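Encoded as structure tokens, the following chain is the form predicted on its own, with no partner shown.
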């Protein structure tokens, strides 16, 4: 991407650039070892290294990638705020955080976290169970949703009863609306009042078109729950 920006600087002004920090790697006894590092110095250094590689002077949205068991929200928060003050990042957020760590870090940065990038799809409800979705909805913070199609498992997985039930229900609802099953999944995510932003993990234009078409799908309230129940979620 840095090479593309250098070749045609106008590209940079037409996109919102999002990147992350927090996961480090080193060689121990000849083997690569991954770990989390959200200390002040690491976050500042990581950001500047990203800017250098990307050949740009500012990141639009900078995220802490994962929950760090050693997270000090005040130290991490100070690093993020300093980056904003220097103009190196415009907005800050996190990825894969639970409600407690999110709230702690958000308090440390004066409520400036703009998103939590989390996994959610018709097979994954981790952040419903943790209360994260309720927290975000109550605080009007819009999550970014990664793996909205469950990495393709919904359409490829064989021998999984839950996958089969979800796939059948989505295909049934897709027929009702005369759109593709993938479009229905994006519409299902967009229907939720949290105002989620679904991340499309493809650069193929036809795949992007399927996601865009979801904006025009008028999903019924009961249809949202049909998919929810097909995924094994209890409706009492």
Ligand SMILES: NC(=O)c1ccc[n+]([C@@H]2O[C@H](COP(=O)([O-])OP(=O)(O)OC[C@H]3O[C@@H](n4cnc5c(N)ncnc54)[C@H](OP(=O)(O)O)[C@@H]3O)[C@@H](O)[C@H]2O)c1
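Treat the numbers as computed from the prediction; the structure is a model and nothing was measured. Residue numbers count along the first chain shown, from 1.
Beyond what is shown, the protein has a form predicted in complex with this ligand; the following relates to that form.
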| property | result |
| --- | --- |
| 4.5 Å heavy atom contact, residue 12 to this ligand in the predicted complex | no |
| Partner contact for residue 201 in the predicted complex: this ligand, 4.5 angstroms, heavy atom | yes |
| Partner proximity in the predicted complex: residue 111 to this ligand, non-hydrogen atom cutoff 4.5 Å | no |
| is_contact(residue 115, this ligand) in the predicted complex, heavy atom dist at most 4.5 Å | no |
| Region of this chain that lies against this ligand in the predicted complex, out of 47-55, 192-200, 27-35, 164-172 [heavy atom, 4.5 Å] | 192-200 |
| Option touching this ligand, based on a heavy atom within 4.5 Å in the predicted complex, out of 150, 71, 88, 81 | 150 |
| Residues of 153-181 having any heavy atom within 4.5 Å of this ligand in the predicted complex, listed in sequence order | 155, 156 |
